[in-house]
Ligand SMILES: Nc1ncnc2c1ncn2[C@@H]1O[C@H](COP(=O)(O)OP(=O)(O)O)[C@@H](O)[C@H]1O
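Next up: just one chain, as structure tokens, the form predicted alone.
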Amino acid sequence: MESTSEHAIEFIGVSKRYASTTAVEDLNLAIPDGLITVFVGPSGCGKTTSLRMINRMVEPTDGRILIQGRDHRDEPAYRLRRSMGYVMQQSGLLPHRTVVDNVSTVPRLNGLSVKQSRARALELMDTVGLDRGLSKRYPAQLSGGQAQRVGVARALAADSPILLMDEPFSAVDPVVRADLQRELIRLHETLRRTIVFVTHDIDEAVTLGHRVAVFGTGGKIEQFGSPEQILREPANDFVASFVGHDRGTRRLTFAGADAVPIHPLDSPDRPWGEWELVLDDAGRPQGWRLGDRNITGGSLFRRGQSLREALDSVLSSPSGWGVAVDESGVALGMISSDEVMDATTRERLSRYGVGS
């Protein structure tokens, strides 16, 4: 396999064996430069081992790994690790060091002064959406989401074009996880790093990945491609089973919802009937009111999101009407379940060349 500039990382015939166990077998994979590539699969399939072989936290038994065209064994392991960002599941922060000192660890190791390192750390806190007021706190004083953001900031401090992330969001609750996923997408759009991300969650893989490698048992890749390719055309029964029977709904992630009309909140005909949307002083949705009952529930549909998010918002809403909001969370209006379903039907038919 020839190395090209399009590939940030290449696995060439890579295997990893432990005594009688093969964790990864003859892995050949070219990871594109500047994209998010997700390794996904069940527990024990070799995805984390493959990730850790990139920065030599695990040494391959056979084969070669090229980083930007160079064999990764050409430099000492400690220097290779410092040259890449690495984020792990539990953030891995040093408990006796403050946030700013955790983030400044790698710049200090790379020769910057204390003052320069801390200044860089504060800049990175801004980058990942952390309030600088947290800089003097210790890890035990942070929420799970805050700790993971610190972990991401510390990884970015390596100032490397490559960022490795080993199930970084799996230990936080679903709401925080969704926020962190959106933040990672924003960071990638801004920084354009090559990111290799490990998860066992196919939804997370579809949400984040530009490319997805589905690992099967025995450390073999069953399919590698775009999320849409994997959802539309699973390579075999294993991939189809892992993706799940609701892959048709997941495919809606790649369909825009621009055709779904947003009904203004002051519509005179009030098609949502007796339901009242409760807003705070800034116009952000707080729940629903029906008569004298206050009812919470329903996910929000942010303008510009996909049909999948639009469908989720109407199905999860107690009123049957989804709430559309702008990027700051201010309510824009309502979306109708009937009109969302019509849009999903048109999307389905269009895939088969039916209808207009």
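One-based numbering along the sequence shown. Keep in mind that what you see is a predicted model, and the values were worked out from it rather than measured.
Not on display, but discussed next: the form predicted together with the named molecule.
At the 4.5 Å threshold, heavy atoms of G44 reach the named molecule in the predicted complex.
In the predicted complex, A23 approaches the named molecule with a heavy atom inside 4.5 Å.
With a 4.5 Å cutoff on heavy atoms, T48 counts as touching the named molecule in the predicted complex.
With the named molecule left out of view, the stretch that reaches within 4.5 Å of it through heavy atoms in the predicted complex is, among 306-314, 323-331, 35-43, 290-298, 35-43.
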